[in-house]
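Okay, here we've got a single chain as C-alpha cells, the form predicted on its own, with questions on binding and movement later.
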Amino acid sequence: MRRIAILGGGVGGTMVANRLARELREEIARSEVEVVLVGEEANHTYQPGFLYIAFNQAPLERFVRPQASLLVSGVRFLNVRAKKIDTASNSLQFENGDSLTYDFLVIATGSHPSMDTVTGLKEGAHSFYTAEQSIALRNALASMESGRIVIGVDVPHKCPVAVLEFTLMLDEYLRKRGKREQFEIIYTYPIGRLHSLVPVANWVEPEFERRGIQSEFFFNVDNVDPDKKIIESLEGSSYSYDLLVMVPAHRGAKVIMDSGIGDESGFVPTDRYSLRMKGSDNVFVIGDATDLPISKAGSTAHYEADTIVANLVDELHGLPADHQYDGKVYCFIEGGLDKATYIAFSYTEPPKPTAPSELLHWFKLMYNEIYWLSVRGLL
C-alpha cells in the first residue's frame, strides 16, 4: 500500500485530503492507497471570520466545525501533534511517541501570528488573527467612546489585504455607532505606500482621504510601551494611542523549525511551479507553509491544491507529474461593513481592484458559508 500523508488540517491540508480521496476512491477501496490527514486541532476554524467577530457581526461558533465532520470517506484522520518531519526516512514523528511512514507527504502546516517579535507588543496591542484576539478586540472596541486608534503592520503576515479591510470596517463601525468624530484613526505601513500591491494601494488611497483616515509610510514598528501607550518605529516616529491594533509578523510552524527544513522564519523552500519542496521529489508544500513570494491566503491554498492533487494522482498512476501552479490568487476585500471589492492576480497578471459594491459584499458573505463545501473539495 502506498501512503499519502498530509500534515496540517487547515484549508489546504483538508482540501487536498478530500480531493485525493475522491480522485483515488477505487485505489483506496482496493487498499492500494491510503490518505492520512494529520492535524493537531480537533476543530477546523474559518479564519477570515475573525474580522466579523472583531466588529460583533458574528459569533465564533459560526466559523467552527469538527474537523472529522469535514472529511470524506477514504480519509483517515489522526488528531495528533507532529514533533518532527524526517525526510531521510520518509516518516513523521509525533509528540505522543508514535510515528507514521509515508510515500508522499504534503506539508500544510500554515503560519501563526507572533506577538513576541516586537518588545511590548503582547502586553500593549490587540490583533484579529486568532479567535481569542478577535474576541478581546471586539470587547475593547465596544467599550470605547473616544480616542486614538493606531494600526501597525509587521511582516510577513498572512492575508495581506486584511489590514485594509479592518481599517475600512473600523471607520464604518464607528460611523454606525455615531461616534466617528470622537475617534482618530492612524494607519501605518512599513513601506512607501498604503499596501505592498501597487494597484491596491492606489485604490485605497482616495478611500482613506474620503474617510479622514490618517496614514504614515515607512513606519516599521520597533517597540511598544504598554504602560505609556506609545508605539515607536525604527525610523524614529512615535504615536501615543488609546487602542493599538497590530498585524503581527507571522512565522511557520514549530515542527518545520524543529525538523530543520525551513528558513529562518519557519517557511519551507518550495518550487513556485511544481510546489515540491526544494531538494525533494516526494514532498509537496501548500498554502502559508511555503516560502513563495505570494499572498498567504486561503484562496492561494485552494488553487495550489489543484496542482498538488493532479501531480500526486499522476505520480500514483505512473504518468508525468508536470502540472504547474501559476501563482493565482483571488481575494475579496471588505470596503466597509456593507460593500466589498475583489482582486485576482497571478505570477504574470497584476491585481485590478474594482469599485466596492453591496453585491460583492453579499458574495463575500455567501462565500463565508459555502466555504464548508469548498474545504470538502466540492467546489
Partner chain sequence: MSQVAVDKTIDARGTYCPGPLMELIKTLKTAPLQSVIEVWSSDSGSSTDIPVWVKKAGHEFVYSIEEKGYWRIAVRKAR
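Nothing here was measured: the structure is a model prediction, and the numbers come from that model. Numbering follows the first chain given and starts at 1.
This protein has a second form, the form predicted together with the partner chain, left out of what is shown; the following refers to that one.
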Subject >> Residue contact check: S240 to the partner chain in the predicted complex, 4.5 Å heavy atom >> reply: no
Subject >> Contact test in the predicted complex: Y347 vs the partner chain, heavy atoms, 4.5 Å >> reply: yes
Original post:
Hey, in the predicted complex, does E235 get a heavy atom within 4.5 angstroms of the partner chain?
Top reply: yes
Original post:
Do F218 and the partner chain share at least one heavy atom pair within 4.5 Å in the predicted complex?
Top reply: yes
Original post:
Using a 4.5 Å cut on heavy atoms, which of T130, N79, N282, S265 is close to the partner chain in the predicted complex?
Top reply: S265
Original post:
Out of V155, I135, M257, I230, which one falls within 4.5 Å of the partner chain in the predicted complex, going by heavy atoms?
Top reply: V155
Original post:
Heavy atoms within 4.5 Å of the partner chain in the predicted complex: which stretch among 155-163, 84-92, 122-130, 142-150?
Top reply: 155-163
Original post:
Which residues, if any, of 44-72 lie within 4.5 Å of the partner chain in the predicted complex when only heavy atoms count?
Top reply: none
